[in-house]
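In structure tokens, the next block holds one chain alone, the form predicted on its own.
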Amino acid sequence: MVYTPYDFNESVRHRTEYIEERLRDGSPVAGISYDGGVLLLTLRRTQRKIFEIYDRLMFAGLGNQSDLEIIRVGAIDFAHQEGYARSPDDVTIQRVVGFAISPGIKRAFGDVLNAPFVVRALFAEMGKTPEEDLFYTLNYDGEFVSLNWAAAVAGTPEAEEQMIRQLVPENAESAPDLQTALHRALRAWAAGRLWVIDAHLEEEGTESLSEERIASFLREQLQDLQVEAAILDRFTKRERKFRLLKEEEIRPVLPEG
């Protein structure tokens, strides 16, 4: 069988529509720098979604769990090889995403004879200061974007824009403390999920995402889901900088009622 350029373009279009439809139901992930490190947050049912990759790197995403696991294992293997062959300081998010993970996802997306990855992933790298922290968002087609201060992956690009509005308010002047970062990340998750599932929000506009509406939505979601949040701690004396936050650390930012 001979494929024409038209066949290829049609196939890519169908794959894109299929993947984006699958991703719409995914639980968003919010990432934000705070004064003591980097935070990732999402809501989940049972399986963990946020993982350490290497020393100052962590990862989470939405999509097929098996595809996320392939990316996680690939990132860990590459990071450890880099750390062994070079030095831990040479293991960067730019090398992990740009050299190890993105090319494989891009090849899979363009190979119309095999299944593509159904993922949107978020990688975080902690620097010595909040200004040096980095986030990389990686799409199902292998394209990635580098960001500072905050990043988000959600069911649609429009939902991700709403999440960034919550993570970095217009009046924000410096890196928040951990409690403020947790509060913003939780609001961002709700905004991202609401924007996907409520078709009226686009007509009502961003202003409709009020504190009360987000709190009400979160109370509904927390009946079935639990908050998962993890940090890379900039000032810890422990050898391991990655840590999952405990329930008592998250509880103060949950909506009452």
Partner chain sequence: MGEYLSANRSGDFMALLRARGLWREPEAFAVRPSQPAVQEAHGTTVIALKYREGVLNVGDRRATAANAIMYDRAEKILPLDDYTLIAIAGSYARAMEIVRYLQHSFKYYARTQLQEMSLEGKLAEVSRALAGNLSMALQGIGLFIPVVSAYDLERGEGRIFFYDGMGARFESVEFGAAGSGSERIRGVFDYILKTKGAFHEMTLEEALRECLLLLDIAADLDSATAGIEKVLPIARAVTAEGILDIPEEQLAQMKESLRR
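Please read these numbers as outputs of a predicted model, since none were measured by experiment. Numbering follows the first chain given and starts at 1.
Beyond the structure shown, there is the form predicted in complex with the partner chain, which is absent from this document and is the topic of what follows.
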Item to complete: With heavy atoms only and a cut-off of 4.5 Å, decide whether P130 touches the partner chain in the model of the complex.
Response: no
Fill in: Partner proximity in the model of the complex: R72 to the partner chain, non-hydrogen atom cutoff 4.5 Å
yes
Worksheet item: Would K246 count as a contact of the partner chain in the model of the complex, using a 4.5 angstroms cut-off between non-hydrogen atoms?
Response: no
Worksheet entry | Partner contact for G83 in the model of the complex: the partner chain, 4.5 angstroms, heavy atom | yes
Worksheet item: Want to guess which of 192-200, 52-60, 221-229, 31-39 is within 4.5 Å of the partner chain in the model of the complex, heavy atoms only?
Response: 52-60
Worksheet item: Taking the partner chain in the model of the complex as the reference, which of I101, M126, L186, A121 has a non-hydrogen atom within 4.5 Å?
Response: I101
Fill in: Single option in L147, V168, A175, I76 placed near the partner chain in the model of the complex, where near means a heavy atom within 4.5 Å
I76
Worksheet item: Listed by sequence position, which residues of 235-254 have a non-hydrogen atom within 4.5 angstroms of the partner chain in the model of the complex?
Response: R238, E239, R240
